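Take a look at this single chain in structure tokens; it is the form predicted alone.
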């Protein structure tokens, strides 16, 4: 009788819709163009938005360009921030390091007390002063509106700041939904010396319903989707030296992918999964990273439940919008700005309406000519980032009733943690998988 009841257990389904076409590089052609065009596209889109917000912010003030500033006259200027950083790495230093007497310091954060901000538009640039705009919070590439006046020294004294704020969000009656779960995992790092294959197999067995009693399997049947947010494999850098590989080295190179494909085949046979590329995966380095080639997954790619996706990745499940990256955008922000809590970096990108504000300045990205794909035009319900040190989450509220669940997904290889999100109420919790052998 128990076997019959288990046979009747059916996995719940959800409606999936992908929005990755915005991050796909298809008709783009590289003709040696510079990165100024993506900055122009970003400024044009964000300035139009900020202009629409100014009347409700400071309706009594006029908006002018940097070139049109007059000393002592209060006004509003809109432009792109540039942060002058004393410790910012320079490629010329790499050439001069052999002649340098003092060793080059490589700090994890390049902030310095002498850093300052500059605002730039098509007409010119002006140095910013005052205490309203902290250089430790902002980074190069953020578009803002500033209220202030020009000083006798030629700087712009900032009295108030207007950011774009959270994008508009489609309101949904979440309370009427049934229990469905989405599982997020990142940093599997298969092939790394510290990777534990049994740990990942436990995760696979859990979400496919092969672990636990009937009650636990019933919970597993409510998992409708799995997202793998980057850094699934790790290949020894010694093998990637540009030389022809011996047969044994070719085997070492392909082994992590074979192992990953075996696990993903088990998952794809049971439920839909999305796999995103990360910094250690065999994909293009610059954002947006294009989907991993399906030939790497000869087993799992035969299932229509398997989807190789871009990084960043945007999709909807039952009209609930998910947006996330494999971590490069937040990791770069931590190098060039500061925050009390790492989740603040994630919240800032939402309020700036830009996934990767430091691209292309310090974060590699494709030189788009007529658009900036990283602009966030619609507020997600869940905003996730993979390959972080630890699991963290926060619920962010907007001025217009927006509600966003922020999630840091830890590296599974180091923590054994996966993150589960309840689609009914957007609450989330961590699943821990561990192995311990007795002596």
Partner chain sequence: MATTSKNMNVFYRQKKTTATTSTAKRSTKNPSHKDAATFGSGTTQPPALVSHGGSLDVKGDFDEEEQVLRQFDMNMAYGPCLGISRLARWERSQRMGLNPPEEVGSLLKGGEVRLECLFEGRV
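Numbering follows the first chain given and starts at 1. Bear in mind the structure is a predicted one, so any value in this text is a computation, not a measurement.
We do not show the form predicted in complex with the partner chain, though everything after this point is about it.
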Worksheet, complete the sentence: The listed residue (53, 61, 396, 41) that reaches within 4.5 Å of the partner chain in the model of the complex by any heavy atom is 41
Item to complete: Check each of 70, 377, 370, 389 and return the one that places a heavy atom within 4.5 angstroms of the partner chain in the model of the complex.
Response: 370
Fill in: Stretch from 380-388, 402-410, 53-61, 33-41 whose residues place a heavy atom within 4.5 Å of the partner chain in the model of the complex
33-41
Worksheet item: Just to confirm, residue 122 within 4.5 Å of the partner chain in the model of the complex by heavy atoms?
Response: yes
Worksheet item: in the model of the complex, does residue 45 have a heavy atom within 4.5 Å of the partner chain?
Response: yes
